[in-house]
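Consider the single chain below, provided in C-alpha cells and representing the form predicted alone.
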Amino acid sequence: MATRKQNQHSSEGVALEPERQKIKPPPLYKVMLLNDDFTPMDFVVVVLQKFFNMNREQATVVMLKVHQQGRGVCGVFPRDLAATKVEQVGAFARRHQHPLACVMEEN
C-alpha cells in the first residue's frame, strides 16, 4: 500500500499525491540435490521428472552434474515453494529407502 504525502497546490486547499515506494521482490532459493554413494542414478532422474517437471533429457543432465560435481541445481523458487520441494523429495527418498539429500540455499 502506497503512503501519501501532503502537497500544497494553492492557498485554498491541500491535495494528496501518492508517494512512490520501491518494493523489493522476495528472495529466491536454489533447490539442489547432493550426491551420495547409494542412491541409484535412475531414481534421481525419476525425482527430477516427478518434482521438478523435467523431461528425461533435462533430468539426466542434472543427475550427471550431481554425480560428477557433488551437487546439482533442480530449480530456483520462492522460499515456501523451495521448502516444500525439499520436504517432498526427502519424504519420497525415505519412502523408497534412499539417502538422497535435497537442500535449499538463497540464490
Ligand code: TYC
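One rule holds for the numbers: they count along the sequence shown, beginning at 1. In this text the structure is predicted, and so the values were computed from the model without any measurement.
Just so it is clear, the following notes concern the form predicted together with the named molecule, a form of the same protein that is not shown.
Any idea which of 76-84, 37-45, 22-30, 50-58 reaches within 4.5 Å of the named molecule in the predicted bound form, heavy atoms considered?
-> Every other range fails; the passing one is 37-45.
Subject >> is_contact(Leu100, the named molecule) in the predicted bound form, heavy atom dist at most 4.5 Å >> reply: Yes - in the predicted bound form, heavy atoms of Leu100 and the named molecule come within 4.5 Å of each other.
Query raised in the report: Of 63-83, which residues get within 4.5 Å of the named molecule in the predicted bound form if you count heavy atoms?
Result: If the 4.5 Å heavy-atom criterion is applied to the named molecule in the predicted bound form, 63-83 yields Met63, Val66, His67.
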